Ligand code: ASP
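Next comes just one chain, in structure tokens: the form predicted alone.
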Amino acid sequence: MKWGIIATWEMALEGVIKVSNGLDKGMNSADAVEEAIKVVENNPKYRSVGYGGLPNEDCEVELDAAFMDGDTLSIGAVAGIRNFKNPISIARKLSIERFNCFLVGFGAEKYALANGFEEKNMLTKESIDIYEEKKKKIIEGSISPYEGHDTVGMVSLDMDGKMCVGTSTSGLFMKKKGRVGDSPIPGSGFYVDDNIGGAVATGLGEDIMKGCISYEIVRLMGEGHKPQEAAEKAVEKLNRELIKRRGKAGDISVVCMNNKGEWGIATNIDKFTFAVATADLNPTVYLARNEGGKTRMELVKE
């Protein structure tokens, strides 16, 4: 049986490398997604995820994460959680709950504490410095406050044919306290079904949520479209509709994989990186860009 994992952004490469070895030896897809995302969450150089994530307008790091099991369709998610390490692990734990599987703010923090998850101040000195520097530029009117919204999202297929997806992000830089984007929202930031495949999204959550794009990609794959075709159709349709109805569209990028290990990606921007590994492909980073409604890819590193 083939295996595979695909993830948004080059920052996911280290995690993809780590778990690709495990998947090749029989690691299950749930462990692969959680462990690979934890690698990104734990690295403070990645400013839009986990430890060292860029803060909200009050200089607090509020984190969102989600996990979904493609076999049972179980979902777990947290939003606006503060001062807890590895929100992806909390989301996975929540996915086994029959009720109360999506918790926010204080409720998510209370659950994490009760279940023994590690408390940690996720705000670093470097993040505070960036916050102060950009706050000054915002006051001067030289930049927009809402810069930086790169979610790490992953789709994994194991050798038993089981699939899982996960997402993790600190969201928009200098967002309003309590703001939640698409990343923890089922159908928008993520979706997976073992019978078909899975998809995750990254970009401007307020626009991605308007199209429930991850579910749409899985639906298209279920109708027989190859992953690349499904991804491009979904992104182009949402991008077109947003421009038609609202005059503009924010950043939208997606990665997906079907239950055969075939994968696809699409974007409406000119620079989107992603990492992928399969039984037939060593961990590789590609650069994707939108050209006239089509997504073009080129090799970055392998």
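The numbering used is simple: start at 1 and walk along the sequence shown. Only a predicted model underlies this, so the values are computations on that prediction, with no experimental measurement involved.
A second form of this protein, the form predicted in complex with the named molecule, is not displayed here; the remarks below concern that form.
Exactly one listed residue, out of Glu109, Asp193, Asp150, Glu216, brings a non-hydrogen atom to within 4.5 Å of the named molecule in the model of the complex: Asp150. Comment: 171-179 is the region of 109-117, 171-179, 87-95, 124-132 lying near the named molecule in the model of the complex, near meaning a non-hydrogen atom within 4.5 Å.
Under a 4.5 angstroms non-hydrogen atom cutoff, the named molecule in the model of the complex lacks Ser156 among its neighbouring residues. Within 4.5 Å of some heavy atom of the named molecule in the model of the complex lies at least one heavy atom of Gly203.
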